[in-house]
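The form predicted alone is given below as one chain in structure tokens.
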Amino acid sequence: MHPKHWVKAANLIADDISNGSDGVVVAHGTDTMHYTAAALSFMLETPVPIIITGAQRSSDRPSSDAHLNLINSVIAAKSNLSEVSVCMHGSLNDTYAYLHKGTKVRKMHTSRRDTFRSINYEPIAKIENNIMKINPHYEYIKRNEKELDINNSIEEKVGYIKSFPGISDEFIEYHIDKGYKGIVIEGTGLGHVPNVLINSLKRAKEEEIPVIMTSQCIYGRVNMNVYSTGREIIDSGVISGKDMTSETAYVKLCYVLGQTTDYKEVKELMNKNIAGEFNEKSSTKYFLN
């Protein structure tokens, strides 16, 4: 997959809806499904459900999850919930599937059939015995409440860097020198990187290259105000990714830079909830036990 394929998928889906489709099911490989789900969530406002599904095990295997995921996706595509979501197994057996919000889902296991989990969120629906039940706590847009709208401008030259012990400023400098338009850093803990990167982060700010901070912890929220190093990172111009997954933050930055290259506007849009990609308040109830 490549960002250009997100654009192609958005265009094809929009054409299907314009031609009268009451719902859309997209068959997709599982490794990058959550990237595509996030991208379609940002690019499309939809009057009908758009469901992305796949299989952890191929259809020629007795333990394949393909058929149940596909059947449940069609059920979801006929529902009253009009947004982009991922439909995959909710357990190791064939009893039910979960529907996950397109911007709050992640693949969490290499081979388990219930690999997809909602991160810092709850599943938005459960499908069992061919019946879909929407989470009573979930405030959703109903079918045909919005008209179809597509905004498929994407900036592909966005860097994605994982911080690690021993990382040098060369990683940041390389992306600046090579003309990258934005950078997502997956920091440690609350959103930290070693002090050695501070000057390079300041250079990125001076050259109006937005840098977004996320966390390797997966669950929880970035908070760079707690420690002095974090406050230095903020002073360097780094923008908090809040409780977005790193993958969603990367996709969002690609999308936002496709709308504007003005640094101030990029920061405003990254701090704006466009497709339910972050929670306004922190909560510990979503942590996977």
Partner chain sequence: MDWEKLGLKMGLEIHQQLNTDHKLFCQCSTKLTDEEYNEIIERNLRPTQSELGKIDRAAFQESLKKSNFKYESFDYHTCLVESDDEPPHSLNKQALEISIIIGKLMNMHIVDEFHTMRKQVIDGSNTGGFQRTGLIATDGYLETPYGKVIIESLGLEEDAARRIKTTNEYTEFRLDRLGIPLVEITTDPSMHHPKQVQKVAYMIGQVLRSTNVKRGLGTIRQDLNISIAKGARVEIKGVQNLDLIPDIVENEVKRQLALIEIKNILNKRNAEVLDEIHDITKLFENTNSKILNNANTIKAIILKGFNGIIGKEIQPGRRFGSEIASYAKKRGVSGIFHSDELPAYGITKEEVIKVKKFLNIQKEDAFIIVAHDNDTAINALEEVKRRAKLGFKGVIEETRKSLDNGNTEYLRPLATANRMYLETDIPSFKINKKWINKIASNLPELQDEKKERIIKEYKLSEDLTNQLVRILESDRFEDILKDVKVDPTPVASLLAYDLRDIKREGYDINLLTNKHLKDIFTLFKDKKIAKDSIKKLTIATIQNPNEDIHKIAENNNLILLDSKDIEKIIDEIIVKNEDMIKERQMASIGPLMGIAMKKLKGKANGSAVNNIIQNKIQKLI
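The structure presented is a predicted model; accordingly, all values stated were derived computationally and were not measured. Residue numbers count along the first chain shown, from 1.
The same protein has a further form, the form predicted in complex with its partner chain, not shown here; the description that follows concerns it.
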{"property": "Heavy atom of each of 28, 55 and 106 within 4.5 Å of its partner chain in the predicted bound form", "result": "no"}
{"property": "4.5 Å heavy atom contact, residue 61 to its partner chain in the predicted bound form", "result": "yes"}
{"property": "Its partner chain contact in the predicted bound form: residue 175, any heavy atom under 4.5 Å", "result": "no"}
{"property": "is_contact(residue 92, its partner chain) in the predicted bound form, heavy atom dist at most 4.5 Å", "result": "yes"}
{"property": "Residue 112: touches its partner chain in the predicted bound form, heavy atom cutoff 4.5 angstroms", "result": "yes"}
{"property": "One stretch from 203-211, 186-194, 92-100, 145-153 that, in the predicted bound form, holds residues within 4.5 Å of its partner chain by heavy atom", "result": "92-100"}
